[in-house]
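What follows is one chain in structure tokens, specifically the form predicted on its own.
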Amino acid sequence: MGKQESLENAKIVGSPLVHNVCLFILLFAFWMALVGTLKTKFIVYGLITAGVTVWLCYPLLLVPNKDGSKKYFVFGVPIFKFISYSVWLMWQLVLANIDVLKATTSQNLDIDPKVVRFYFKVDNPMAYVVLANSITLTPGTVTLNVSDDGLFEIHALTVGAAEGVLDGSFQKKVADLYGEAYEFSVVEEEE
């Protein structure tokens, strides 16, 4: 698929112009932070580099859904929702750190490792990536596997970590971040 075809593709969810402008601004801001000076030649280099990078990477930053009927931008998240999600995730990290600290420093060593499973289904494949990485980032939990049908297998160190993953709050926040309708169900443990 050529550049023009990818820009005019009706399967793309969201605005290519908005995506490209946001990516350009992000790359240029990163360039300026690295350079640390406002000399004209560095500003020009940054503008050229950011523009060429956006032009080259645009088709690479589109990911198709499972049936190929739509394509989503990798960074296709509204900035205010992203900031809100990031703040919420940081708070979850604090709570999880406290839970793991209590479990590992108690007299009884209150760890109860187990693998928990749940189904999470959305159309945007980036929601799967963000959910799996958010869970792994949270202390006491590690995403072991995500299957093609949306089955997540998570190793949880404590009872609190397992409950936190299975209560549906992570899944709801990620679905809200991407503006997606979602299906969530817990797979009961086998005795």
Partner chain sequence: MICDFTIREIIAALFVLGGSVFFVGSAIGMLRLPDFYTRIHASGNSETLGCMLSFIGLMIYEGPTITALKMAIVFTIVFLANPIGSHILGKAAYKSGHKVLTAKDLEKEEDEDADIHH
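These figures come from a predicted structure and were not determined experimentally. Residue numbers count along the first chain shown, from 1.
The discussion below concerns the form predicted together with the partner chain, not included here.
Proximity of T104 to the partner chain in the predicted bound form falls within the 4.5 Å heavy atom cutoff. The closest heavy atom approach of N124 to the partner chain in the predicted bound form falls outside 4.5 Å. Although the partner is absent here, L157 lies within 4.5 Å of the partner chain in the predicted bound form, judged by heavy atoms. Although the partner is absent here, I43 is not a contact residue: none of its heavy atoms lies within 4.5 angstroms of the partner chain in the predicted bound form.
Here the chain stands alone, but in the predicted bound form its contact with the partner chain, taken as any heavy atom within 4.5 Å, falls in 136-144 among 61-69, 48-56, 162-170, 136-144.
Residues of 61-99 lying near the partner chain in the predicted bound form, listed in sequence order, are M90, L93, V94, N97, I98, the criterion being any heavy atom within 4.5 Å.
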